[in-house]
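First comes one chain, alone, set out as structure tokens in the form predicted alone.
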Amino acid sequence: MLIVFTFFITFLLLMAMGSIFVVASWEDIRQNIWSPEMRFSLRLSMITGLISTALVMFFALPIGYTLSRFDFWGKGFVKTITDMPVAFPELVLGLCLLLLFGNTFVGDFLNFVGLNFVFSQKGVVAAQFFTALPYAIRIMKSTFDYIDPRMEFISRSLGYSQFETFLNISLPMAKSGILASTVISFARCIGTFGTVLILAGGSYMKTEVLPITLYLNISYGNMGMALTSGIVLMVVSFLAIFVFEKAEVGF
């Protein structure tokens, strides 16, 4: 019975995802995929997605390790705050970031040093970063939780420092979790919509990443371009998951 239930839900998901390929006109897809708008959107999505993913992993690794290995005052509060963006809509997160980077001392300082995140391509990176970071932190914390800390104690007893132990013992043992976190982060960055829309804006061929392309063209009634951007997003997500599955088998 449970197997039938599982296949039923899988079938519904497959039908939902497959409908976009059935409805889309392949002639429209062929024309739209090479359009200047689609090429700009795909290029911006890939560049910002890769930059955001690198930044996410740079911060998620030490934060996940800290939450897993150390007990400190306020740990529960830190964990709650880093988890909160997962629970509320992207639009709310985007609004919070817009207010933070707007007319506040934080926004004024960042503008002074040349980092203007409001309605700019830098804002796309910031929106993707803050959307994907909580997921990466949760995965990395869970990964380090499953690594036996006695291996690290042995390393410290042999003369390695805390940082050397982290680099030479903890990170190699966490490679599967790092891979999973990287792939999930990249997929979240590429698919981020609400946060990008509020913080960076939905400007045509300026801050137009793939989800914004889909949104703008649905608003215009250009279903051919909207369906094409949806298909491209699904293909990118599929390739990310496929690479993860293949690499995981290799591990």
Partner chain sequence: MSFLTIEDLHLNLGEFFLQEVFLSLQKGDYLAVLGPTGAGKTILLESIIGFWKPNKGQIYLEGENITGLLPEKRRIGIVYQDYALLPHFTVFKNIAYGLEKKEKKKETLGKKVREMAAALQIDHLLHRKPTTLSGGEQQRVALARALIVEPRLLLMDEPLSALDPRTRRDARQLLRRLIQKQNTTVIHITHDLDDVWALANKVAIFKQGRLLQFGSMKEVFHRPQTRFVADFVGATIFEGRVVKAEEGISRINVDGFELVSLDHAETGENVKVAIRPENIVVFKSMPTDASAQNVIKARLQEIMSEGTTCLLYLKINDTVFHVFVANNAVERLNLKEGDIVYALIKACNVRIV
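Since the structure is predicted, the reported quantities are computational estimates derived from the model, not experimental observations. Positions refer to the first chain, counted from 1.
Unshown form predicted together with its partner chain; subsequent notes refer to it.
* Contact segment among 111 to 119, 74 to 82, 142 to 150, 93 to 101, judged by heavy atoms lying within 4.5 Å of its partner chain in the predicted complex -> Result of the contact check: 142 to 150.
* **Heavy atom of each of Gln31, Ile33 and Leu44 within 4.5 Å of its partner chain in the predicted complex** => Result no, not one residue of the spot touches its partner chain.
* Heavy atom of Tyr135 within 4.5 Å of its partner chain in the predicted complex -> Looking in the predicted complex, residue contacts with its partner chain do not include Tyr135, since no heavy atom lies within 4.5 Å.
* Do Ile154 and its partner chain share at least one heavy atom pair within 4.5 Å in the predicted complex? -> Yes, Ile154 sits close enough to its partner chain in the predicted complex that at least one of its heavy atoms falls within 4.5 Å.
* **its partner chain contact in the predicted complex: Ala87, any heavy atom under 4.5 Å** => No, no contact at 4.5 Å.
* Asked: Is Ser176 close enough to touch its partner chain in the predicted complex, meaning at least one heavy atom pair within 4.5 Å?
  -> Residue-level check for Ser176: no, no contact with its partner chain.
* Scan 153 to 167 and note down the residues that get a heavy atom within 4.5 Å of its partner chain in the predicted complex; none is a fine answer too. => Stretch hits, in order: Phe153, Ile154, Ser155, Arg156, Ser157, Leu158, Gly159, Tyr160, Ser161, Gln162, Glu164.
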